[in-house]
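Just the one chain here, laid out as structure tokens, in the form predicted alone.
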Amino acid sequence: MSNEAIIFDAVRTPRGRGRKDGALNEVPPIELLATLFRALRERNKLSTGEVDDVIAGCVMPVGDQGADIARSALLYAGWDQSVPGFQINRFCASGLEAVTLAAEKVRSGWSDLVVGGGVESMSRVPMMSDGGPYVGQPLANLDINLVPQGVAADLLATIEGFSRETLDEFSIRSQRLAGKARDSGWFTSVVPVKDRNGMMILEKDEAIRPDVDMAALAKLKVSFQQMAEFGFGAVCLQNWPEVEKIRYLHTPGNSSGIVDGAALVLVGSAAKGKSLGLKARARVVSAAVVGVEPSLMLHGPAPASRQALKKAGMQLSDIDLIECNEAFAAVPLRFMRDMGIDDMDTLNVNGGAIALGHPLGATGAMLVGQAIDELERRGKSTALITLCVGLGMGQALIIERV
């Protein structure tokens, strides 16, 4: 029989604006992760040599984020040199994949204690820094239907008939809920980032704009029309001939924010936790990852969630809270339609990436911690975490509070 995978702790940095004037721009990504490694050790009185492996998601693993930042950061944080580490890239779901791999290692019985998480310093290592077919192989783009995610988001909104107003209204909800959660202290997994002298750099999420209104959002220009007209829109229409014309609807106001941040989740067996005196917070129930049509790309959360629910022998009605990453407003709105969700009482109850930002390699792990925090605050039991993924994938994880 496989072991249960228990989550003992989850920590994250605040999200800093992913710009040169953002609070975390001065902090190298290795320091962001090291801050959390130190926090995990101190919060749990952890003998770090007991950890079997560390897995870190990172979508742009070049420059400051290159050279196996998982292993580099744990050593930099003073963890035992016996602890190995590696980085992974499943685009936006990299952080969730890292947590899932940690759970799978524990459930297999081959590891007893693993850390999964991720990091992305988007102000220091911008998107597209790692190159790939976008940059150098246009014929490959055509063959595999590779388009920028923003173009896919506008295609998704066009197919679903979402209006600009609907997208903006959802975005205002995200901003208001995230602002309330931040100001109420509900993000209890946040570890402040300080400099070497102990001076505060960033204590709370920086990008939230709770006072934004529909009039302000309506003034924003669309973000992805130029990309589509460069040729990527033609790729979309080639694969979706029923769409006569793509409507350009996503703006900086109804898309996820570019931010810096990191997250770590400590996962292990119940026996290992007992031997180390660790307190169980949740258990991993099931996980799933799927592939979907790559030019539409962003509709993977629903099929991944259905598969995770099936593996767990559960129905959506068994889930108390849902975290569906707000890469673009059209993504959770499509997820709601696909899953038959009529209201948003359980969905992204403390806002999402539109307000908080989406530090690519870290977001999935952040959502795990955010879900556990809220389950504990509300006294609820189960949560579903799901993300859309570039190149047409979706990933989901179900957890149960202990």
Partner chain sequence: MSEEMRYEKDGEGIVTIIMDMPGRSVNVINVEFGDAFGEMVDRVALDTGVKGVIIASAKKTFVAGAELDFLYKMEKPEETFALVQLMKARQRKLEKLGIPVVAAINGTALGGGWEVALATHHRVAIDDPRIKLGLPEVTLGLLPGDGGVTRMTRMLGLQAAFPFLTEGKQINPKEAKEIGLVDELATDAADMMAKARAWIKANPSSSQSWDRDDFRLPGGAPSSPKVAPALMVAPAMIRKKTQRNYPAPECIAAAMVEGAAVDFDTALRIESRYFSTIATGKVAKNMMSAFWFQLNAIKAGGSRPIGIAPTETKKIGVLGAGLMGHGIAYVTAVSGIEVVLKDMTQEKADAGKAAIAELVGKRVTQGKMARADADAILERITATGEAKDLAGCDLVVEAVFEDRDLKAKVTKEAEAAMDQSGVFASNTSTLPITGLALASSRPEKFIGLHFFSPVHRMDLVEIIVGKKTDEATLAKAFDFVMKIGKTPIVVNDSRGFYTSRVFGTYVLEGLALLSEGQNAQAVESAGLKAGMPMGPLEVGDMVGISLMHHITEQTVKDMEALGQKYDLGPGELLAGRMVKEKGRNGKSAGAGFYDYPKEGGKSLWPETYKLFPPAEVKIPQSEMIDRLLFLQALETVRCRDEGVIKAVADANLGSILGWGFAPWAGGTLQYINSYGLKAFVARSKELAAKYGPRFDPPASLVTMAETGKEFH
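Positions refer to the first chain, counted from 1. What you see is a predicted model; the values in this text were computed from it and never measured.
Not pictured, yet referred to below: the form predicted in complex with its partner chain.
Asker: Going by heavy atoms within 4.5 Å, which of 287-295, 190-198, 213-221, 86-94 lines up against its partner chain in the predicted complex?
Answerer: Looking at the partner contacts, the answer comes out as 190-198.
Asker: Does any part of residue 26 reach within 4.5 Å of its partner chain in the predicted complex? Heavy atoms only, please.
Answerer: Residue-level check for residue 26: yes, a contact with its partner chain.
Asker: Looking at the partner-bound form in the predicted complex, is residue 124 within 4.5 Å of its partner chain by any heavy atom?
Answerer: Residue-level check for residue 124: yes, a contact with its partner chain.
Asker: Could you list the residues in 258-291 that come within 4.5 Å of its partner chain in the predicted complex, counting only heavy atoms and keeping sequence order?
Answerer: Result: empty, none.
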